[in-house]
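Only one chain is included here, represented as structure tokens and corresponding to the form predicted alone.
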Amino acid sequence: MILERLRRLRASLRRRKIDALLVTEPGNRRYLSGYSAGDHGIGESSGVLLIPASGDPYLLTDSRFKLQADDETSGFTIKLYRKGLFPLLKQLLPDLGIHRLAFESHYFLHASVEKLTGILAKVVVELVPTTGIIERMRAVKSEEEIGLIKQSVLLNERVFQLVYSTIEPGMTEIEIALALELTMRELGAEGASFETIVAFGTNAARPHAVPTDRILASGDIVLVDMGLVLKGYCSDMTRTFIAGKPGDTYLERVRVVRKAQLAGVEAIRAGVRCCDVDRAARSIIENAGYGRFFGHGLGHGVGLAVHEAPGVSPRVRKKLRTGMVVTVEPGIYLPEWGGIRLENMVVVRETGCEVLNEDFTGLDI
């Protein structure tokens, strides 16, 4: 799988007349090499890949990551930098005959570009900014990747089921969020794919609510947005339910959101524009009178990162392709009342889509 990815990337570099690509974004590193070390921040790297358009690839890192690099990569020449990455590049690039070096302009710091430009001036290497070369490759998943994502989705559901059965009035948002993330780890996940959202009542009107010490009361809305990483691949799921017996207002609104979700799923197939999928779901919510209470896009791609291409929103006119994995997550958010979001993950197929989720526990519909 990695060899094929490298082959495709090299072909892309040659078409662009680029001698090599410096890969700094952690998800892209892992996609091309299997090297899973993360960065502590955009300014503190655990290593970079140097992928020549022709010739063997390199993993450049420091002594802290040598053993991990040895264990996780195959076919890469590992070189350690003791005086920093840039002095190593100054020595290595001329030896490899690299004159046009591309970098990931959306991740590589501007300050780093300026510094590297100065260091490479004497060896006559041109820095070429690029965006999205690898991300476009990552957007379409292989069947092997889809299988791994499916495992992540099903484990995520299992975690939810276990914790859902313990939720009762008197618990706090933080308590439930911690229980979910602890259970993820206990069942074998690498960790959460994003900070778990648990929101009660009016807090659920915040799409990216941060768990608080708010105590769950009988009759409260409970919104749980959670995901985990398993074997490198992410899942993302939102469930909304009532702590107790749902009232008529909640049932009316949750049915609107569910209808919108089903309309979005029904619209997904290869060749359909992302904005048109969003429109199919959004029109349901608008026709029910809640259009101004649904402010975010319908979904996003999921893979090695929990948010990646493609975006499914009114602004994205690109067409879906077979093998893309996206979320479908319409919502209604009313500040004085609360919020409802329902989120599943699907695989784009030629004539429709495959829903990866199997569990609907907790949906009061």
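For every residue, the number given is its place in the sequence shown, counted from 1. Keep in mind that this is a model prediction, so the values were computed, not measured.
Not pictured, yet referred to below: the form predicted in complex with a further copy of the same chain.
- Site annotation in the model of the complex: the residue of Tyr250, Phe241, Phe108, Tyr164 reaching within 4.5 Å of a further copy of the same chain with a heavy atom is Phe108.
- Only one of the listed residues (Ala217, Ala121, Val272, Val113) places a non-hydrogen atom within 4.5 angstroms of a further copy of the same chain in the model of the complex, and that residue is Val113.
- Checking 261-269, 146-154, 242-250, 100-108 against a further copy of the same chain in the model of the complex, the stretch whose residues place heavy atoms within 4.5 Å of it is 100-108.
- At the 4.5 Å threshold, heavy atoms of Thr131 reach a further copy of the same chain in the model of the complex.
- At the 4.5 Å threshold, heavy atoms of Phe194 reach a further copy of the same chain in the model of the complex.
- Residue contact with a further copy of the same chain in the model of the complex: Pro207 places a heavy atom within 4.5 Å of it.
- For the chain shown alone, Glu181 is a contact residue for a further copy of the same chain in the model of the complex, at least one non-hydrogen atom being within 4.5 angstroms.
- Scanning 50-78 for heavy atoms within 4.5 Å of a further copy of the same chain in the model of the complex gives Ser63, Arg64, Phe65, Leu67, Gln68, Asp71 in sequence order.
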